[in-house]
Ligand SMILES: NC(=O)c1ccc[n+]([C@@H]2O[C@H](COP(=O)([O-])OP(=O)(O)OC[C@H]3O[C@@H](n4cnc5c(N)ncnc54)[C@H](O)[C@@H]3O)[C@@H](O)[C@H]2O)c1
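So this first bit is one chain, no partners, the form predicted on its own, shown in structure tokens.
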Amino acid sequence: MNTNKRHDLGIAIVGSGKIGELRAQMAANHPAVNFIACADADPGRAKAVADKTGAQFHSANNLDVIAHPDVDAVIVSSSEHAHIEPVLEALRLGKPVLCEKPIGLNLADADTVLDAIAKYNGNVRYGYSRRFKHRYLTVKEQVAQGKLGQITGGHARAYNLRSQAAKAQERSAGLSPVVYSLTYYIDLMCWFMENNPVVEVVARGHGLGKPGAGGKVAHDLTWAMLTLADGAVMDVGIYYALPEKYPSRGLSSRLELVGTDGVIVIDGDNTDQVMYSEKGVPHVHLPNQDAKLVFLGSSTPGAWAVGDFWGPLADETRAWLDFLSTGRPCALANAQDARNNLEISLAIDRSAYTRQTVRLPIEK
């Protein structure tokens, strides 16, 4: 597909849940988009999103919207276990894709996508929307300018509610908080440390979470030490067992990078934006879980304000649509980035469960 100055894009939305609906609304408001098609296994949900966004077509069949002749590109916002089929179909038809993370739940599926991209000369980007939080874009720029010198180490951690982990596992059985959520911060660290791959993982986990695939209990807490090719050491951790009334409406995070010439520290807990309301504040991913005390700005995708949606997911979607319509470069993760992130995530889970060091690349 020629992405140079397209002003008549047709976009298919595969998966009309909360994130698919938000992506559809971003597309509907983009000046280059003049056609939208929505799909969902629940036809009522597909119709509801179509009605809300003014979509011209909706279906309970993903392949129908992907193959629609007025569709030029595809957004895959289905559940984590259902990413592969629509991505492969879009590639077969020569249509670029924006897919939510992860690329898949195993490396075989990820490699199938990479093979299809090579076969069809396709373009697939993945929704690691943390890249589009302005504070992390600033970090990327300072690292690129060499302001920290040689980076010798770093730290990233994220906390979230146990109820959100349970919701993710309802969608995709066995999905761990590492693959579902810590992957955002693995992606950030790899993005900052470009061309310096992770070669070794040591991890430990603990917790009483809900049993997933194979009867394994998804750890509430997982912490990992990552060793990079040049010897730099990163520690990354995820805790998915905060009480449901904890004030954060999404990830509560911290990120640090240390180099020979400087240090960057990003406090992403949002404790500087506190609101109490007797009317309650909804959670974007968890219906019927309002909270009276909230950290404003902590909703991971972003938030509605003055009639528009603002935040990382909105900026990421707009950047991808700008790329399609004008050819402007964008910072979205590519398929190889997504495959690398999945491999590191799976290595962390393997090390946490076996209590053994895992070398990368993982042997097939």
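So that there is no doubt, residue numbering starts at 1 and follows the sequence shown. The model shown is predicted, which means the values in this text are computed figures rather than measured ones.
Missing here is the form predicted together with the named molecule; even so, the following discussion is about that form.
- At a distance threshold of 4.5 angstroms between non-hydrogen atoms, residue 138 is out of contact with the named molecule in the model of the complex.
- Proximity of residue 14 to the named molecule in the model of the complex falls within the 4.5 Å heavy atom cutoff.
- In the model of the complex, the named molecule sits beyond 4.5 Å of every heavy atom of residue 273.
- Although the partner is absent here, residue 18 lies within 4.5 Å of the named molecule in the model of the complex, judged by heavy atoms.
- Only one of 93-101, 225-233, 108-116, 262-270 places residue heavy atoms within 4.5 angstroms of the named molecule in the model of the complex, namely 93-101.
- For the residues 132, 185, 180, 192, the 4.5 Å heavy atom test against the named molecule in the model of the complex is passed only by 180.
- Contact with the named molecule in the model of the complex, judged by any heavy atom within 4.5 Å, is made by just one of 245, 206, 171, 147: 171.
- Although the named molecule is not shown here, in the model of the complex the stretch 107-122 places no heavy atom of any residue within 4.5 Å of it.
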